[in-house]
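What follows is one chain in structure tokens, specifically the form predicted on its own.
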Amino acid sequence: MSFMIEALSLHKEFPARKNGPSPGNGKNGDPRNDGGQRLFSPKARPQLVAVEDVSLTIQSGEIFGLLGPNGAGKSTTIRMLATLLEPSRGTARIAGFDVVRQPQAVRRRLGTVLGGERSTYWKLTGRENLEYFAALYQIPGGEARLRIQELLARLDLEAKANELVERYSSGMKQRLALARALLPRPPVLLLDEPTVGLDPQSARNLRQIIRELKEQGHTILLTTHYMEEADQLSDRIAIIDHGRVIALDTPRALKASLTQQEVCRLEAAGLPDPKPWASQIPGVQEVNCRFLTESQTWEVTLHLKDYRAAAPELLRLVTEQGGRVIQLSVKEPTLEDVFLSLTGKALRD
């Protein structure tokens, strides 16, 4: 079996910030505060663990989704695989090349679109951007022109190719970033939240492009904040929380893990925190609550053995707590339900 991405016990730590004055602010540079209390030993500086012993193997031609709440370690993992961060320990390989010992070979086989980072020059046109990056990739002139024209057409950028990028819409900028990543025809793509901030039509178009790239044989590691997107695109999904992989399987298998339960969703106004009393309903196996500030309502997700048996008690308790039911529904478990069950958080928390 051919693995294009391999990570074995990948681990990343950062020096933790301390509270209070910085070291050396005391007399003669002594790392103590004004009360003489040592803040920390320089040799025992506390560490913040961002990624903890993550192991993954991703096959050639696979779309692999990496999901987790904010701060779970997704982007740090992507940046280690992209050779932008060096692991504290553990190993990773892209197309068989070690990300620490052979970074140049790794970069030649990678295309990256990193969320929240400007990866093109806004004072250049779209075409000029691609010409510049083609030169950096050392693609010969004639071949570069052909590739650039092909990518502009494929990503629907031809009409605006000679306009400054600063005038592009968010969707066009994201498509140009993907064109830049595809210029060297890399076998592996790392896409960190590629559709974030896009309007629905632009996001739909970009998802279709990602499907086409898979059909052409690209291996794609995808992080996303959109559960439905992960469900639609991914062959397999890993859920990461607090730097650790806590589940890894196909979307279907992950959802099947909750098939012995019914999932009830309640939206109600005028309630105190529902978790303490909702957890006492007979047959409830799990409760997740989220306060929706815009509507000033609680969204409660309950995993139940038998909704019909539990519903009367649920409605009685809502009334007893002085609440008002806005919406109540029951349905088959979704990937979002799996995520909530495993992490206790919504994807954007």
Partner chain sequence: MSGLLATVRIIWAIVKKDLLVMLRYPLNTFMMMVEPIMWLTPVYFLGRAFSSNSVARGFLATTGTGDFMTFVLLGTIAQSYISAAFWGMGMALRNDMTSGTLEANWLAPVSRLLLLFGKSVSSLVRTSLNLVVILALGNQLFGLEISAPFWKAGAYLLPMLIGLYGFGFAYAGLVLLLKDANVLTDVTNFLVSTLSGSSFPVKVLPTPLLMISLALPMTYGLDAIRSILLGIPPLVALGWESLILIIFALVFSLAGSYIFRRVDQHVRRTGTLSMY
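Positions refer to the first chain, counted from 1. Note that this is a predicted model, so its numbers are computed, not measured.
Omitted here: the form predicted together with its partner chain. The next part is about that form.
Name the residue from K160, K173, R180, H225 that puts a heavy atom within 4.5 Å of its partner chain in the predicted complex.
Partner contact (heavy atom, 4.5 Å) among the options: R180.
Tell me, out of D98, D249, D156, E128, which residue has a non-hydrogen atom within 4.5 angstroms of its partner chain in the predicted complex.
None of the other options qualify; the answer is E128.
Counting only non-hydrogen atoms and a 4.5 angstroms cut-off, does Q104 reach its partner chain in the predicted complex?
It does: once its partner chain is placed as it appears in the predicted complex, Q104 has a heavy atom within 4.5 Å of it.
Is there a heavy atom of S119 no more than 4.5 Å from a heavy atom of its partner chain in the predicted complex?
So S119 counts as contacting its partner chain.
R89: heavy atom within 4.5 Å of its partner chain in the predicted complex?
No.
Is Y137 close enough to its partner chain in the predicted complex to count, meaning some heavy atom within 4.5 Å?
Y137: contacts its partner chain in the predicted complex.
Please name which of the stretches 232-240, 138-146, 216-224, 270-278 has residues with heavy atoms lying within 4.5 Å of its partner chain in the predicted complex.
So the stretch in question is 138-146.
For the three residues L85, K123 and L164, verify that every one has a non-hydrogen atom within 4.5 Å of its partner chain in the predicted complex; reply yes or no.
Contact check passed for all of L85, K123 and L164.
Which residues, if any, of 293-313 lie within 4.5 Å of its partner chain in the predicted complex when only heavy atoms count?
Residues within 4.5 Å: none in this stretch.
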